[in-house]
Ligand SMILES: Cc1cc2nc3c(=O)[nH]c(=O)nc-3n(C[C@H](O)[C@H](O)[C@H](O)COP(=O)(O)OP(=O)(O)OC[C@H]3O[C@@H](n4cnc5c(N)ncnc54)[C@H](O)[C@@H]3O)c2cc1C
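As a starting point, one isolated chain is supplied in structure tokens, in the form predicted alone.
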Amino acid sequence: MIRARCEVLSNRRTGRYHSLTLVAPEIAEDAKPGQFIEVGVPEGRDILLRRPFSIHQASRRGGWAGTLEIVFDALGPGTAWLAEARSHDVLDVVGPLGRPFNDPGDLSTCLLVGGGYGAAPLYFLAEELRAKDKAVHMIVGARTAERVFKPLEGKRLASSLVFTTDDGTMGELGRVTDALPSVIKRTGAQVVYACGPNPMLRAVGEYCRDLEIPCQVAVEELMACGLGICWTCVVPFIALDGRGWWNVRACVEGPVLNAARIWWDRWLGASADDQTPPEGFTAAPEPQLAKPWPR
């Protein structure tokens, strides 16, 4: 983890979202797909806590070497302030934080599933997977066409890509989970990585668990400190034998977690008063995903 004062290189719109590029050579050098940074707001404002952002891209070579790119929607006072950042402004940044996606090991066919701007980390992951000669397929969805994240870049990165929109204005009508079964069947996907809203992650994770396909998800939680101190971002996690559970911190043990071991009912509400994991629970195996992403 590094704390640095990072210069804003650019702040531009990409569809409905804001794309902010920072000069952060030390953080970019260590960043891995799935990790995030925390950005501080100016002193004297009413916003006390830093804001977490997934790393969309980390450039270590070429003309953009030493830069980080984050993507966000201006939904609250913190992101609204950040949306006004200009070139040469300096931001207080901590990162890279959290656990990244794991290397697929011997598995060669990867499916990346993203919703809205939550799909941003998957493009970083796709670049790394392609560099390792893995087959990359993608499903990217959103409510409307203007909210589909960087469709042209997705087409460049993926061997096949399916778009879905809730209103049918781009690609297939429906949600990413509607397209998931046919895409898995057509591509022969051996491992699934997903980023986006938690209900979407749940649906993807549970479907993959039923098929015994390893699935990793980057969860969305309120990571107030980003360092594992405050315990405000806990996710209930089930033991491999299904006989117990404990809370893991999304900012430290996550944000990337094995979807098959998240106790979705307790976390998202359906059976929150039940104190035992589901009867007969078995986690999907992930032996090939045991090692962190190598540098």
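As the structure is a computational prediction, the values presented were derived from the model and not from experiment. Don't overthink the numbering: it's just position in the shown sequence, from 1.
Beyond the structure shown, there is the form predicted together with this ligand, which is absent from this document and is the topic of what follows.
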Of L222, L173, A131, V90, the one that lies within 4.5 Å of this ligand in the predicted complex (heavy atoms): L222
Checking G168, P199, P181, G76 against this ligand in the predicted complex, the residue with a non-hydrogen atom inside 4.5 angstroms turns out to be G76
Just to confirm the contact call: exactly one of 259-267, 237-245, 23-31, 50-58 touches this ligand in the predicted complex at a 4.5 Å heavy atom cutoff, so which is it? 50-58
Indicate whether this ligand has at least one heavy atom within 4.5 Å of a heavy atom of V71 in the predicted complex. yes
Whether Y117 contacts this ligand in the predicted complex should be assessed with a 4.5 Å heavy atom distance threshold; does it? yes
